[in-house]
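This document opens with one chain alone, in structure tokens, the form predicted on its own.
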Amino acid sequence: MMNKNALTEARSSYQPKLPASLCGGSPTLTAPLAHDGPADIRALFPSTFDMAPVTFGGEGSAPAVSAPLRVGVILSGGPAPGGHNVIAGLFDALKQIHPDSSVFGFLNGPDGLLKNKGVELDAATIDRFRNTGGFDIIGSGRTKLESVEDFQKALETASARNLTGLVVIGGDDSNSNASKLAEFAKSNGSTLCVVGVPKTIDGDLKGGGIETSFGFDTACKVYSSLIGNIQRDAVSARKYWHFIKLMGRSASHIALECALQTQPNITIISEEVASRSLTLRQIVDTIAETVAGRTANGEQFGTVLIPEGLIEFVPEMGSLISELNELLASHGEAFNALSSLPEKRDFVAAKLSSPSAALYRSLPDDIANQLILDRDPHGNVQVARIDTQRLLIDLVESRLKDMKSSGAFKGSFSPLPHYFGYEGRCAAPSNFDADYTYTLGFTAALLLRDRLTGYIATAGGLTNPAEQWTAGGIPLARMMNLERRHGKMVAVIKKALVELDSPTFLEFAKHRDTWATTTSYIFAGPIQYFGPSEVCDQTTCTLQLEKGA
């Protein structure tokens, strides 16, 4: 039984806005895509690669559906604000298509599909979760659909449940697997229609018709509110430096967006670090010099934003991590047989190249341990567990001691570490994300209605009022590229990293020197759900800058 306070109760009655185009009917196919895609990807997706994008809202009426649709839905990967509204939009649209249509929710992500475990979602259940955060309506999970056996099990479950369609709500990896399942089903004569929905707070699932992933807007607003609170404390107490690591597995979109919303003193952008081949020492020197400069101006406080994936983008660290990934993939059995952490550190150090071994041995033991312990499902270092904020604090403290002994720094340095991640993943969705996710769910239902398998639902024109958005879908296979996983090349959707020539980064770069030397903080405040549209419906700085809004 879900307990509701006054705000939750009020939000449950919010009716998400839909694009006017979805109130019409049939899809409009664009011109067929040119045969210019990578041959190796086309060979892997012969049945779904050369499909055309679609948009909804053509002048024709909606096609009649004589039989109800029975659709399975999966929440895959980490939660993102708005997931429940995707399911609500899907449910409502399916009921409009045919009143006897139904939605079956697989429990705890793809694992529920493989094990045929789930629950029928009725109107009463859906209503309890409208406009709420989290993925708790059916739970989520990180099980991967990768092997032929997995795909066969998925089709067996779909057949046992009499499913006509399956909606996978997830990030780049989850939608990569959705694309593979769609290809497998179609090439093996199955009528199951598979559709994806772009989810991730990291903001790195975009491009090719996807303007943003859902949850990014809400998460950045939550983090910016917290950063603003910390900055208000900093300017009040005037004695602490706050090192804040922000979630974002690889890309720095969250750090960049939060920087634009809060104007901290320092924001590190991983993609710039890689582009400029900056070393850890150079990053530390920049922070230390900023601390010293502000101290000289009588301001012994500040904020530093650190993207979660930074450590992999420092070239020397990236090389080390790449070697570790390969080493642990090929020597996993021998490594796991060792009983103590010192033995494990010595084992890997002995097998690394000389430069990487020297760097690895120079790291504090706790950081060295974090680099070799639990891997993610792809066999890679779990960067979220690396305390980058603490590593930078230690290195900056050491550098400031040296500067103090030479007279280049006069003052004190009182750092505090923070990590904002889970605080933003399950927040109640902003109005933008509530509308966007409901639209994506509704669009997914129309893709299923028209038997458009292997597509990901999209909405465009997102800086306009929701009523003016467009809706449609693009072929998932067209988003694929080859990437090294577990020591071999596999087809996955490429993560969209921060582009250093983008309007978003250039706007940040134009102001960051001023923000470093002055206290120009913006205090974003909490998410607003009620009030003027310019307060409640505003989307991210990133989208506005990218679209010139």
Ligand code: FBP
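We number the residues from 1 along the sequence you see. Given the structure is predicted, the values throughout are model-derived calculations rather than measurements.
There is also a form predicted together with this ligand; it is not shown, and the following applies to it.
Between the options Lys199, Lys221, His84, Lys245, the residue in contact with this ligand in the model of the complex by a heavy atom within 4.5 angstroms is Lys199. A heavy atom within 4.5 Å of this ligand in the model of the complex is found for one listed residue only; from Gly472, Gly133, Gly78, Gly72, this is Gly78. Contact annotation for Arg142: at least one heavy atom lies within 4.5 Å of this ligand in the model of the complex.
Using a 4.5 angstroms threshold between heavy atoms, Arg425 counts as touching this ligand in the model of the complex. The closest heavy atom approach of Asp433 to this ligand in the model of the complex falls outside 4.5 Å.
Taking non-hydrogen atoms only, Arg449 never approaches this ligand to within 4.5 angstroms in the model of the complex. In summary, the region of this chain contacting this ligand in the model of the complex, judged by heavy atoms within 4.5 Å and restricted to 357 to 365, 389 to 397, 451 to 459, 247 to 255, corresponds to 247 to 255. Contacts between 293 to 331 and this ligand, taken as any heavy atom within 4.5 Å in the model of the complex, involve only Glu308.
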